[in-house]
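Just the one chain here, laid out as structure tokens, in the form predicted on its own.
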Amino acid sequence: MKYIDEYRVPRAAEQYVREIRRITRRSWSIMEICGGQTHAIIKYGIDRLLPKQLRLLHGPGCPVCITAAEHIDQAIELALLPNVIFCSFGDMVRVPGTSSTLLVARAAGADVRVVYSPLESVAIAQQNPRHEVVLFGIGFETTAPAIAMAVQQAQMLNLKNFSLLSVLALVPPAITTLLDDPANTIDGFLAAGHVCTVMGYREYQPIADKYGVPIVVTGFEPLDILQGIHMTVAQLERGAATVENQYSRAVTAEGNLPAQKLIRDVFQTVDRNWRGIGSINQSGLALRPSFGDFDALHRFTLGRSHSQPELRCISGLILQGRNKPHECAVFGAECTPEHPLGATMVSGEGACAAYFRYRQQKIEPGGSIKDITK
């Protein structure tokens, strides 16, 4: 793909909207599982263009948003240790833990550095042999290969001052957890295209078969999302439940096999606590015993976090698709991107941040196409 304009053509969007309205006969709830898709849906007003019978639910597809407060507390504790250089992606430094953030820790003197690639943290460890360098490994299957590569490189270089705090999470177990919930109202899923670029989509078919829900691998541009919704609705209306691939320009059924092998070589699956959802079985990635020397939780003795949720914040319900951001009493008032109460307002991919930024650009349900090229 050389250009993105071809995926933002208003006339093509109008055709998809008309066709979605034509084939929709019943009420359906479709969850997008990716924060990037949520952002695009709200930015371009896609949810406002759909027929009233269709409801889009925003799922736990933002890795920043689902990182539990206890893991933020661990990161802050590590960063404040003497002689530690703590490396993090930039969107994590403002995410609230129990009572603080990495940004506050940096203001208090912690050496917190923003990196754009996990390999940067390995270079920092080489350049600072008298310091302990800790990488905050967050994300889904998309970022796991690069983080695994950093650990492998540190092992090959025999670095003794590099370690990883892994809070990596896996998408399929979260989908099954949502579907197992007695309060579940999800009829179909738009699966995250970038995750499937790495992992493929074969692992989703057993979920579709077991729960009777269609799952459509979908990209991130307006036409991608509209086509993904159309494919999902078409399945629902004819009673089908299978996996389809809208994002065929980037995703194959088998995915990136070398990247998958890298993940398997370095990581093993473990239970993981998700912010706003709770513990999900086998939904996280931790270092294998062969890389145990690089596990920050083994190298350092940390206190036990006793995190308590911010009671005024309903981000957990938002991550589960039960509520929309504007249904929170503190949204846009006490809770803003400048003064967030929850992670969904901090991250650029968070649903609350997307609603806050674009909520003034509302389109009434069943409304008309606006310029989606901007």
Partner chain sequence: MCLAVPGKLTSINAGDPLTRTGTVDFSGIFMTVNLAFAPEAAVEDYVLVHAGIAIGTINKEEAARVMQYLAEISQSATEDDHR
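Since the model is a prediction, treat every value here as computed from it, not as a measurement. Positions refer to the first chain, counted from 1.
The same protein also has a form predicted together with its partner chain, omitted here; what follows describes it.
Within 4.5 Å of its partner chain in the predicted bound form, a heavy atom is found for all three of 194, 224 and 248. With its partner chain left out of view, the stretch that reaches within 4.5 Å of it through heavy atoms in the predicted bound form is, among 288-296, 181-189, 146-154, 69-77, 146-154. This chain appears without its partner; in the predicted bound form, the one residue of 117, 269, 242, 176 with a heavy atom within 4.5 Å of its partner chain is 117. The contact residue chosen from 172, 276, 139, 96 relative to its partner chain in the predicted bound form is 139, the criterion being a non-hydrogen atom within 4.5 angstroms. When its partner chain is considered in the predicted bound form, residue 16 lines it closely, a heavy atom lying within 4.5 Å.
In the predicted bound form, its partner chain lies farther than 4.5 Å from every heavy atom of residue 45. Its partner chain in the predicted bound form comes within 4.5 Å of a heavy atom belonging to residue 230.
Put simply, residue 64 is close to its partner chain in the predicted bound form: some heavy atom of it is within 4.5 Å. Of all the residues from 321-340, none has a non-hydrogen atom no more than 4.5 Å from its partner chain in the predicted bound form.
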